[in-house]
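Starting off, we have a lone chain in the form predicted alone, written out as structure tokens.
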């Protein structure tokens, strides 16, 4: 057992892992010259395997492979580095005052690795759009659409059943005891657009046979993954209840929810971005959107809001602008955009691991001081003697 730990803790493993991490950071950084940062995060750092079709050695110079080659992704390299470091402390590093600096540095590195892992797993990014004079307490996660079925039969409250995008696979049959019908996904478009009434209809376009949007048509668009663009998914769903065929329904982010009557109950069905009802509300008092003269390039966004939280008896006025976010209840509010002159879009980030990089930096910086300063003092004294 101990010999196995020594092998895992070996510097012969540490050096190749550090080299692989440096190469991953290098190629991931170079890739940002042609890809959005979200796509680079997904394809390089937050994955187990990179299926590489080539290497961009530097911007404008790329080597293409004849076939895709599997390369370890960020989760594999980071996980192996973490195991190697923990094994090294188990068999090689002993706790002593002389080692405090090294231990602090390594603890900081461990927190950096865990912080990135937890951020990728648990961080939620939402958006909240508010028009001047209006109040909003609902945020949406525009990266996670879902199919929603709402039971409206109870006069006191609605019952919502949400089906995440990951289950909306073509050919998949979705059954749930809470659903009043069975759903077969005929087609799912991660990104789509409405076909105009005068537009020539491609032969591949599907026609729905039921629902209030049976006369609408949808065309598929390429998948988008970037900070600037959002996918607008659509789906064709075959609904059935027992042997009864309820028809082919078109649901889309572009379209409103539709009503369907099953038995003596009425339901609403549609596609929407995942919603979060907040315990607080934001009222937009004023929104400034300055542009550089003669262009549409934003020079500054600024939103003056009133935050109200009845649960905490909180009321405060705050200004949110570039590099000046608002922080409340563990969430951070950034100024994200301005779809209209009087409407702001705030990016809300809920990241339970946000504090870890700060603690890691303090540990690494303090550890370096504790480890190197005494050695420097000793060296200078010897030199003077």
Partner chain sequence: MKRLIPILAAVSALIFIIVVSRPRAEKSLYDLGAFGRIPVLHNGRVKPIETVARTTLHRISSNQSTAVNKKPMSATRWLLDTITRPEIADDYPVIRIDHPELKTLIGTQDDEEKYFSIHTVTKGGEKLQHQYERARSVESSRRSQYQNLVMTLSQKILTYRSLSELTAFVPVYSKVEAERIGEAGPKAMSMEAQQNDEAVRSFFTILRAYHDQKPSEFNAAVAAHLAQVEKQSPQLASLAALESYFRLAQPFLYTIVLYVVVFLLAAFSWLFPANNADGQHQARNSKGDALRRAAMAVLGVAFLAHTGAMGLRVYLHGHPPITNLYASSLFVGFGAVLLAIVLEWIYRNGVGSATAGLVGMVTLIIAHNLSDGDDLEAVIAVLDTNLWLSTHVVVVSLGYASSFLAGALGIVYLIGGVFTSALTKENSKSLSRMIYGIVCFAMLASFVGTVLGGIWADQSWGRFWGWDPKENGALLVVLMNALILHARWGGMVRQRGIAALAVIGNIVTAWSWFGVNMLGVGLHSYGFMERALPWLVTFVVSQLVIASLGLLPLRYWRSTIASVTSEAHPAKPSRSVIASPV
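What you see is a predicted model, and the numbers here were worked out from it, not measured in a lab. Numbering follows the first chain given and starts at 1.
This protein has a second form, the form predicted together with the partner chain, left out of what is shown; the following refers to that one.
Peer 1: Answer for residue 51 alone: is it within 4.5 Å of the partner chain in the predicted complex, judged on heavy atom distances?
Peer 2: Residue-level check for residue 51: no, no contact with the partner chain.
Peer 1: Should residue 357 be classed as touching the partner chain in the predicted complex when contacts are defined as heavy atoms within 4.5 Å?
Peer 2: Yes, contact at 4.5 Å.
Peer 1: Does the partner chain get within 4.5 angstroms of any non-hydrogen atom of residue 337 in the predicted complex?
Peer 2: Residue 337: no, not in contact with the partner chain in the predicted complex.
Peer 1: Answer with yes or no whether residue 99 is in contact with the partner chain in the predicted complex, where contact means some heavy atom within 4.5 Å.
Peer 2: Result yes; residue 99 sits at the interface with the partner chain in the predicted complex.
Peer 1: Please tell me which of 327, 68, 316, 62 lies within 4.5 Å of the partner chain in the predicted complex, judged by heavy atoms.
Peer 2: Looking at 327, 68, 316, 62 one by one, just 327 meets the 4.5 Å heavy-atom criterion.
Peer 1: Which residue among 265, 207, 92, 241 has a heavy atom within 4.5 angstroms of the partner chain in the predicted complex?
Peer 2: For this set of options, the contacting one is 92.
Peer 1: Exactly one stretch in 270-278, 304-312, 101-109, 156-164 has heavy atoms within 4.5 Å of the partner chain in the predicted complex; which is it?
Peer 2: That would be stretch 101-109.
Peer 1: Mind checking the CA-CA distance of residue 162 and residue 38 in the predicted complex? It differs by 3 Å or more from this form, so is it closer or farther?
Peer 2: Closer is correct, given that in the predicted complex the C-alpha spacing of residue 162 to residue 38 is reduced by at least 3 Å.
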